[in-house]
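First, one chain by itself in structure tokens, the form predicted alone.
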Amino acid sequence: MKKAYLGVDVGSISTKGVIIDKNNKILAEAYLWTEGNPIGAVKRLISELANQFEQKKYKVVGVGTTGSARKLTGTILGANVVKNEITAHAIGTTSLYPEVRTIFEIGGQDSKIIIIEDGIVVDYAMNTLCAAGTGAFLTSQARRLGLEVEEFGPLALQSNNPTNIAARCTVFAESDLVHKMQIGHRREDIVAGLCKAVVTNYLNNVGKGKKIKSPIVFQGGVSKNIGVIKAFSDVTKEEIIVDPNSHLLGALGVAILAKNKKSEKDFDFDINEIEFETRGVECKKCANNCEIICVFKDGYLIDSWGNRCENGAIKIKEQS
């Protein structure tokens, strides 16, 4: 039986997964909404991948997790690799585009820039609390305009005169949008202006001070918006590369890392019948007052984190 490797990327908005073979070929893929429930999302993701995957031909022997819920997901899936998003996205991208120098990544609620030289990450940055340069911002403005966010890209391309939208933060952008609507700006111009505002905010915040060099690869959910792609190209004066699987490159990267790990363990797709539960425990045994997260599998403690000293470890044992 041939070996395969699973990569899972769980973010605040979406959950992504791929299964690859030894040559990094994607054998199965899935993309769905996290819906504020990472455990439920991971279960649904694994079921979707299992439906696509040839389990009689391949056997998953390595699992990697990344994203904001990587630790929790890694515990649930018994991952042999748990990596941050910067590493995962860099590995996934360079596996397809070895010459890449800059990675733009914009997701639902976060964004990042990764600078690469000779295949190695040399600099990076992530957004802070502002959501003006993310997919959530575009989605909220689409509702305000009575549009589906999927309509933004084609509509933006119809504009010859994008409206200038204040891009300093979400609040300013929204108030400026309302003002421009009220004074009669055309909808396609406003949409094009919003796409440009996302790019401007991204480059002035996440990309501030970074040496942006081509080739540039754009990924994340917002990379599916052709209006934002055009805005990036117009502002940087460079070609913007978007892979057909741009939304899956974090999952691909961590699957590759799992493949490169020496340890192997057969993965069981049947996790829907398993009851996972997380509980927060406040340790009061020292001045740190750590909030410790305990993960239970069918009532048994399987992992915990958050303690900054041994007192917290003792507290976890008492809770089990």
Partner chain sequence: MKIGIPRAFLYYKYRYLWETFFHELGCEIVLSPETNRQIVKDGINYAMDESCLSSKIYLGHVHYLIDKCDYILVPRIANFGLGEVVCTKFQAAYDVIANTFRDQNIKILNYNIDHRKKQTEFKAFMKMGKELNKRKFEIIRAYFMAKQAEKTYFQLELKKQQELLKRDSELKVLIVSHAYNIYDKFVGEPIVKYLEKLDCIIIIGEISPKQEAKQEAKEMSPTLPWTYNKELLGAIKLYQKQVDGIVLMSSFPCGPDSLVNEMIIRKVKGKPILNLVLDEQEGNAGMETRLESFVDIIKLKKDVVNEKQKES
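Positions refer to the first chain, counted from 1. All of these numbers come straight from a predicted model, not from anything done at the bench. Just so we're on the same page, rigid core means the largest C-alpha set that superposes within 1.5 Å between forms.
A second form of this protein, the form predicted together with the partner chain, is not displayed here; the remarks below concern that form.
Only one of 236, 95, 214, 127 comes within 4.5 Å of the partner chain in the model of the complex through a heavy atom, and that residue is 127. None of 84, 80, 139, 246 but one reaches within 4.5 angstroms of the partner chain in the model of the complex through a heavy atom, and that residue is 84. Only one of 86-94, 147-155, 179-187, 227-235 lies within 4.5 Å of the partner chain in the model of the complex by heavy atoms, and it is 86-94. Using a 4.5 Å cutoff between non-hydrogen atoms, residue 54 does not count as a contact of the partner chain in the model of the complex. At a distance threshold of 4.5 angstroms between non-hydrogen atoms, residue 37 is out of contact with the partner chain in the model of the complex. Contact between residue 263 and the partner chain in the model of the complex is not found at the 4.5 Å heavy atom cutoff. Although the partner is absent from this view, residue 268 stays clear of the partner chain in the model of the complex, with no non-hydrogen atom inside 4.5 angstroms. Along 276-312, residues 287, 288, 289, 290, 291, 308 each place a heavy atom within 4.5 Å of the partner chain in the model of the complex. Positional change of residue 60 between the shown form and the other one stays under 2 Å at the C-alpha, relative to the superposed core. The rigid-core alignment places the CA of residue 283 2 Å or more apart between the shown form and the other one.
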